[in-house]
Every structure is written in structure tokens, then in C-alpha cells.
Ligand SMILES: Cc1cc2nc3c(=O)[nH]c(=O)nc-3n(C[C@H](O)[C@H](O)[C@H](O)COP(=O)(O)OP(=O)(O)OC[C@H]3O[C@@H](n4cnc5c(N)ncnc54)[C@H](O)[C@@H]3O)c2cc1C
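Just one chain follows, in the form predicted alone, and it is written as C-alpha cells.
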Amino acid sequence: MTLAIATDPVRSLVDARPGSFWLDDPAKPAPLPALAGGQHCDLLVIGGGYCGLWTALLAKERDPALDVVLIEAQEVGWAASGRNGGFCEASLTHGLANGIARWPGEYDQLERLGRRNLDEIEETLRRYGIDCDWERTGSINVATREHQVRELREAARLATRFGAEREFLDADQLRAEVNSRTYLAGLRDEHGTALVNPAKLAWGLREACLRVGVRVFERTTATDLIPQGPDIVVKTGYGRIAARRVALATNAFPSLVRRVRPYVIPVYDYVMVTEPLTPEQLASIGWGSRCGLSDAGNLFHYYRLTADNRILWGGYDAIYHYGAKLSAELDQRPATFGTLAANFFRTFPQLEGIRFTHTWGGVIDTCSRFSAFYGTAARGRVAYALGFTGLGVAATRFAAQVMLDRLEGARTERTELKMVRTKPLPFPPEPIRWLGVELTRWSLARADSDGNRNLWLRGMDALGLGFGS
């Protein structure tokens, strides 16, 4: 059996259960009732992922007298918030390089705000007693090709220049942390990442919202948004709700503010989890710091240990389906899981024979600058934040603060940021959109091989499109 898996990594997947490991938990809370009939509130939050949950919770913390309602089309945390890798990163800009390239004049401020936001998340978890397997482990970006070593050295230099804390690790230093013969160098961010159980985080935030008086309705789909006098009326499956203000936190799913839709495309990301490692298997890797890891390539893996010492292994493929198709059947993609398995055993051949227990996928709300953007509609009575592009576990809390600032009409340090005041370029219509994404994926794969960005990628760079990873 061991030989078969070594020869054919797909054999490691034959017993895997299709579905999120995080959501496959007997402690999952029972769903809450749907909204029925007519309701009224001060603030309506649409979307029960992290962004919506943080918005509702922070609104009540700002003003406990505020009547806040949150509605979710399925169940809290069922989408990206219950399917991600559990990397809670301080970055508000999808990493150092992207942030410096786009907002060099305020990057030191963005770094400071991101670190403070992560600290405040940790403090909130303590205050509400949210148990989500929080580990402030830090992270390491790993080079597996020579040109990536040079890129990480340059990133370390840039970090020093812009006041960010990063440490360059050579091959020996890195392999002393985590043992893989593929590693050539690394860039450590010692304090900027925490690892969490993402579903437990979402469920904990739901409980915190209920505790402070947020009215939460699940299995309640918002179908229309209509300004009506001083209110915004939102229609749902079984009723309607009138709100003085509305915060939209629907991310990858079509926005009720239609003009925003061209700015985001849904991209499918895929993840797998192994069975728990034995003490001997874990010792063969090391990984004493339990830090989160990711590749320095454009097509990159992200991976980490879970609380029970499984390895979560995801990324590499990012799949956009023509016409922005969304479907539950797309959550499973055997071809991608086979590729991920092969790359896993290439990275950790000492784990030959280990099995994967869960495989799953889900959509990421991807925008062309690779970090969230913000806006308002209906004369400032509706706010939205979206486009987190896979790095929203922590950034959604910052986005919630921005939306609340905007709805209150407040000028704050957050709302004055150029990052907050500007928007990315929209994606073109089909078929140009699909062709552009496919050409970009092909070009990124070539760049990973030789370290050179071709004419297409250099053109995208010149236009300010976020095809850096």
C-alpha cells in the first residue's frame, strides 16, 4: 500500500470525505430561524461570514442601543469563512509586495493598522471567550527556486525600508524550522499571523453577536434592495426588513449594488487535510514553531498544522469558470486534488503513506488589486466592502470598521487612506474576462519556471492589475 501511494499520490485521496474539515464538526451550532414577515432595524447586515459578523458585533460595541439585524442566506460561516485555511494575517494589502507597490506613501501606516487590527482580534477572542484554536505562530514564505531566493532577499530589504518586521532565512535555517529538501530560503513574519479554526471563529462571533443583542436570522436570502423614504427596504424569501442603514458583506456572491459586480470575480480555491500525524511523522518534519507556511511562487501552496496535528494543504490552482459560474458541484475538483497530492509528497516525501481525510473547495472574492475595496450607495445609507482575494480572515474586521465609519459619516484615519478611497479596475465582460484569466494563469506558471514576467504580465503590471500571485 505504501509503495502504491508513493507511485501514485492519488491513492492517498481514495478515502477522503468531500466537504470542509472545519465544518465537519459535531459541535457545529444548530441553525437559527429564518426571518419572516415585516421587520425594522437601525442597521441591517447582509452576509453571515466574517465581514458581516464583525460589522454587527462592532456596531453594537460602538452603540449598545443600536438595533442591529444580521441575515445570512445559508448558515453563518458556511462559505469562505468556514472553508479557508485558517491563516489570520495582519496584512490589509495582500502582503508586503502588493502593498508597497500600490500604496508606498502610506504602507508604514497600513502595516501599523494591520498589526493593531490583529491584536484587537486577539483581545476580542479573550473578552468573549471564543475558543477557535488561536495560535499566534507567525508565518514563513518559502522559496523553492533560485529566483525566488533573490525575490525574498529583496522583500526583506523592502520590509526594513518600510518599517515592517521580516527575517530572511537561508536554507539551513529554514530546514531547521521545517524539514523539506525542496526549501532554499524563507522570509519569516514572526508576529503577523495567527492560525485559527475558521469555522469555530465564525461560530464564536455568531455567539458573541447574539450575546450583545444582535438579531441573527439564517436561511434568509436578500433578493432586492430598495431605497424608500428614510429607509432601505430589503426583500427576503419570507418577508422584508426596513433599515436606516445597510452593510453589505456578500463578498464573492453577486452584490445587491449591481454597479459593483464587475469589480469582483469568483475564483475557486481548493484545500485538503491529512489524517493526524503520528509523533514519528511529526518529528520527521520538525515544525516545532507550528508556523503557517506558503510558497513564494505565483501558483503557491499554503499549509499549516491543525490543533490535532493534521496538515492542511491548499492553493496552487485558482479556477475561474466562464460567466462567473457558482455551483456546489464545483466545490470538488479531482484534477486539482491530484495535483495537490503530488506536490504534497514532493515537499514531504518522508510522509509517504499518509492519507487525506477531507477535500473541499470554495469561492474567493477576487478583485484586480488583490485587496479589499470599499464604497457606499443610496446616498451613503448603504456601505460595502469586498474583494479580499483570499486574505480576509483578519482584514474583514478592518473592513467592518470602515463600513461603520462610512455609514456614520465619520472621517477617521481609516477612511482617509488612499487604499480606502480608491477602487481597483473592473474586470472586462465575457469572453474577454475568461480569456484574460486563462492567459494570466498560463503566464504565471511560466514565470514560476524561469522567474521572468512575460509581455502579458508586464502589461498587467503597467495597468495596475493584481496578477502578482
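One rule holds for the numbers: they count along the sequence shown, beginning at 1. This one's a predicted model, so the numbers in the text were calculated from it and none came from an experiment.
Quick note: we don't show the form predicted in complex with this ligand, though the next part is all about it.
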Residue-level contact is defined here as any heavy atom of the residue lying within 4.5 Å of this ligand in the predicted bound form; does A59 satisfy this criterion? no
At the 4.5 Å heavy atom threshold, is V260 in contact with this ligand in the predicted bound form? no
With the partner left out of view, is Y384 within 4.5 angstroms of this ligand in the predicted bound form by any non-hydrogen atom? no
With the cut-off set at 4.5 Å between non-hydrogen atoms, does D269 touch this ligand in the predicted bound form? yes
386-394, 203-211, 169-177, 144-152: which one contacts this ligand in the predicted bound form at 4.5 Å, heavy atom to heavy atom? 386-394
Residue among I140, A79, I130, I265 with a heavy atom within 4.5 Å of this ligand in the predicted bound form: A79
To verify the annotation, which of these, I364, A377, L187, L118, has a non-hydrogen atom within 4.5 Å of this ligand in the predicted bound form? I364
From first to last in sequence, which residues of 273-302 have any non-hydrogen atom within 4.5 angstroms of this ligand in the predicted bound form? Y302
